[in-house]
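Heads up, the chain below is alone and in the form predicted alone; it's given as structure tokens.
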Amino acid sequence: MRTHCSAAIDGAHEDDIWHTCWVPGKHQLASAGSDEVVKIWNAQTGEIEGTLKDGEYAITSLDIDAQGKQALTSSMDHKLRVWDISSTTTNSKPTLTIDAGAINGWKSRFLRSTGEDVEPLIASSTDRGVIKLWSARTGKQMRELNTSRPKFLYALATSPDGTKIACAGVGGHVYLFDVESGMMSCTFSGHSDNVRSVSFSADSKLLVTASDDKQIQLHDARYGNPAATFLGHYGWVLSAEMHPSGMYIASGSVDTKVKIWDVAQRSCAETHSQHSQAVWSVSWQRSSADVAVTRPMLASAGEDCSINLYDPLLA
């Protein structure tokens, strides 16, 4: 696989960009960070198609549901907000606001429902090693998942099949929970420093983690086995995400580089150097249930307030 930086949106935000997330099945990219606003971009034109803002606090987390109809944000005012993005408008207001309490919603993710009769949930991470689960309909807290280690959880991910939740943070441990039982199914302790990012493969079988120890690790999420380690960044790795095919991993780092790793070869296939400061987010374009994305684009963003878009080159 080869990619090239096909577009750069300079000055995309007024301050650091911490998150990017694609609307499944569309050429729409959402971004957010310390300037308190979510922007939704047309990735083909580079134009803003909508903005979401309801407060004066930095946004610490951004997610979009599998249907591409709702966005979820966490902010430093301790609130989780759900937004209707099915018809994007500027300055639309949230459809649900959850007051999670002090540092009870640092990261938040939609949890994909496994059946029509199953309550749709939102997961959020805390600074005490606890994952809280909330009703996505009412905002009521439903239950908690406890790692038994009172550490700040910087990273949170829910599996595409809706059966697993992964979290990690201070100290380097990664925890995997079974949603149905609420039990911890396994832990990974391969990192020697704080973990900044966790993400699942499209088939929910693998988990990718990125850490201040400059490593990216790949884990078998079914059996709890380590699968691979990728080395090559010269600073904290802040974000890592697997390509929908499972063949590649993209990563972003404090060293300002975006790297693409070949999973089979266990090696770095490409390095991109367009960013001038730390890269906080990398994300691959995703398919939806109705629309297949055959050649996913990659997005990156960071402290230089810019968004870069990468197109796969045809063989």
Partner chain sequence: MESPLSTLLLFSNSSCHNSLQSTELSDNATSLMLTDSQSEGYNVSDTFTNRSSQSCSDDKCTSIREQASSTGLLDQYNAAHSQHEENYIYKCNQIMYNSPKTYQEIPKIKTFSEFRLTLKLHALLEKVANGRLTPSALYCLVTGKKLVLERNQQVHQKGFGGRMLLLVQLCCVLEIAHELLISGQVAYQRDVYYRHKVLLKSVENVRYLCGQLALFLTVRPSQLGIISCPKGLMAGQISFELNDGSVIDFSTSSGQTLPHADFVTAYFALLESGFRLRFPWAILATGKGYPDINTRRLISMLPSMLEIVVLVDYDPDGAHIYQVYAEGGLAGMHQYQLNARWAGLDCSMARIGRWGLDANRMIEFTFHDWRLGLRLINHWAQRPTLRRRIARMVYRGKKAELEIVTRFREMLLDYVDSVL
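Positions refer to the first chain, counted from 1. The structure displayed is predicted, hence computed values, not measured ones.
Beyond the structure shown, there is the form predicted together with its partner chain, which is absent from this document and is the topic of what follows.
Participant: May I ask you to state whether Gln285 is within 4.5 Å of its partner chain in the predicted bound form, using heavy atom distances?
Facilitator: Residue-level check for Gln285: no, no contact with its partner chain.
Participant: Is it the case that Tyr154, even though its partner is missing from this view, gets within 4.5 Å of its partner chain in the predicted bound form, heavy atoms only?
Facilitator: Close contact exists here: in the predicted bound form, Tyr154 approaches its partner chain to within 4.5 Å, heavy atoms only.
Participant: Give a yes/no on whether Asp127 approaches its partner chain to within 4.5 Å in the predicted bound form, heavy atoms considered.
Facilitator: Answer yes; at least one heavy atom of Asp127 falls within 4.5 Å of its partner chain in the predicted bound form.
Participant: Any of the heavy atoms of Ala278 lying within 4.5 Å of its partner chain in the predicted bound form?
Facilitator: So Ala278 counts as contacting its partner chain.
Participant: Could you tell me if all three of Arg112, Lys164 and Ser204 have a heavy atom no more than 4.5 Å from its partner chain in the predicted bound form?
Facilitator: Answer is no for this spot.
Participant: Just one of 58 to 66, 286 to 294, 38 to 46, 263 to 271 has heavy atoms within 4.5 Å of its partner chain in the predicted bound form; which?
Facilitator: So the stretch in question is 58 to 66.
Participant: Just one of Gln215, Asn194, Gln141, Ser92 has a heavy atom within 4.5 angstroms of its partner chain in the predicted bound form, so which one?
Facilitator: Selected option: Asn194.
Participant: Can you tell me which residues in 15 to 35 come within 4.5 angstroms of its partner chain in the predicted bound form, by heavy atoms?
Facilitator: Result: Asp15, Asp16, Trp18, His19, Ser34, Asp35.
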